[in-house]
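The chain that follows stands alone, in the form predicted on its own, written as C-alpha cells.
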C-alpha cells in the first residue's frame, strides 16, 4: 500500500511541460507561409484571366481565360515555350545529377579519409560559400568565351557542377550518417574502398543526396543571371530567360502579359511535383541498428 501511494504521489508531483513561447513559433510559421504563398496564389489566379479581365477585375477574382491563355502560350512562335521548358529540364536535371555525384564523392572523401591538404581544401570550400555567384558570372563568361564554349549548353551546365555548399553539406552528412566502425568492419571483411562506398556508404547517404539534388535542381531551375550572360541564342534559353524576353516585349505588346503569367504558373508545376515525389526518400536514423553493440 505504501509503495502504491508513493508511486501515486510521484505521478501527481510530475510537473506539466509548458511551451515557454506559447503559439509564437506557430504564428511566425503561418506568417512565413502566407508571405511565401501569396505571390504563388496570385499567379495561379491571374493565369485564369483573359486579356480583358487581367487589369479590369479584382486581384483574386478568377477568370475564364485559362484555356485560351494556354493555347496562345503553346502556339507562340511555333511552341518555343516547350523548347525553353526542355532546356530548363536539361540544365536543372543534368546539372543537379552531376553536382550531386561530385558533391557526394567529395564530401565523403573529406569526411572519411585523412590526406595532406584536407583542412586547406575544406577552408577553401567555406570561403567559396561566402562568394556570391553574381561576382563569378562575368569571369566565368570570359573563361568560357576564351575556350569557345560561350553560347553553348555547356556554358550553363559546367559552372553548376562544382558547388561548395553542396560539398560542405555532403561532408557534414557523411560524418554523421556513416559510422567509421561500419567501414572498418567492411575493410576487415576484405571489401575495397570503392565497394565500401557503393555498397555501405551510398545507401546511408541517400537522404543527404536527395537534399543536395533538390537544392541544386531548384537553384538551377530558377537561375537567371548565368544563362542570361552566357547565352545569345534564344533556342537555348531556359524558362527564366525566355519569359524575361516575353516581359521585355510586353512593354510594346501588353497582350503578352497573359502568356508571361501563364508560363510562370506552368514553370512552378515541375518543382512542386519534384518535391512531392522525392520527399519519400527522406528518412531518419538510417544507420540505426547497422552497428550492433
Partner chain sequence: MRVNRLAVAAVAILTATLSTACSGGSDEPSSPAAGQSAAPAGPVKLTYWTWVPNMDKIATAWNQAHPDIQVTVSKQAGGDDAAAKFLTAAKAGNPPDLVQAEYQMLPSFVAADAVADLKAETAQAKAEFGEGIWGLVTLGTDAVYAVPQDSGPMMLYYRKDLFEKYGIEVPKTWDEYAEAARTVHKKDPKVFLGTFSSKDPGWFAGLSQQAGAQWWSISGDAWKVSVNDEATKKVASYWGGLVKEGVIDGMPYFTPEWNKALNDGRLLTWPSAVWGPGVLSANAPKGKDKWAVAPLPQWNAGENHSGFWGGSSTAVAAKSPNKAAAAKFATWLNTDPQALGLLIKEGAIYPASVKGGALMTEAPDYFSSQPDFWQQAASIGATARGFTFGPNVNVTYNAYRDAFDKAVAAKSDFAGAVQTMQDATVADMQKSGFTLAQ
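Because the structure is a prediction, the values reported are computed rather than measured. Residue numbers count along the first chain shown, from 1.
Separately, the form predicted together with the partner chain exists; it is not shown, and the next lines address it.
Undergrad: Only one of 215, 165, 76, 122 has a non-hydrogen atom within 4.5 angstroms of the partner chain in the predicted bound form; which is it?
TA: Answer to the contact question: 76.
Undergrad: Only one of 174-182, 147-155, 215-223, 122-130 has heavy atoms within 4.5 Å of the partner chain in the predicted bound form; I'd like to know which.
TA: Single hit among the candidates: 147-155.
Undergrad: Would residue 268 count as a contact of the partner chain in the predicted bound form, using a 4.5 angstroms cut-off between non-hydrogen atoms?
TA: Contact with the partner chain, no.
Undergrad: Does the 4.5 Å heavy atom contact test between residue 61 and the partner chain in the predicted bound form come out positive?
TA: Contact with the partner chain, no.
Undergrad: Is residue 239 close to the partner chain in the predicted bound form, meaning a heavy atom pair under 4.5 Å apart or at it?
TA: No, residue 239 is distant from the partner.
Undergrad: So in the predicted bound form, does residue 47 come within 4.5 Å of the partner chain, heavy atom to heavy atom?
TA: Flag for residue 47 set to no.
Undergrad: Between the partner chain and 51, 231 and 244, in the predicted bound form, does every residue show a non-hydrogen atom at 4.5 Å or closer?
TA: Every residue of the candidate spot has a heavy atom within 4.5 Å of the partner chain in the predicted bound form.
Undergrad: Within 75-104, which residues come within 4.5 Å of the partner chain in the predicted bound form, counting heavy atoms only?
TA: 76, 77, 90, 98, 102, in sequence order.
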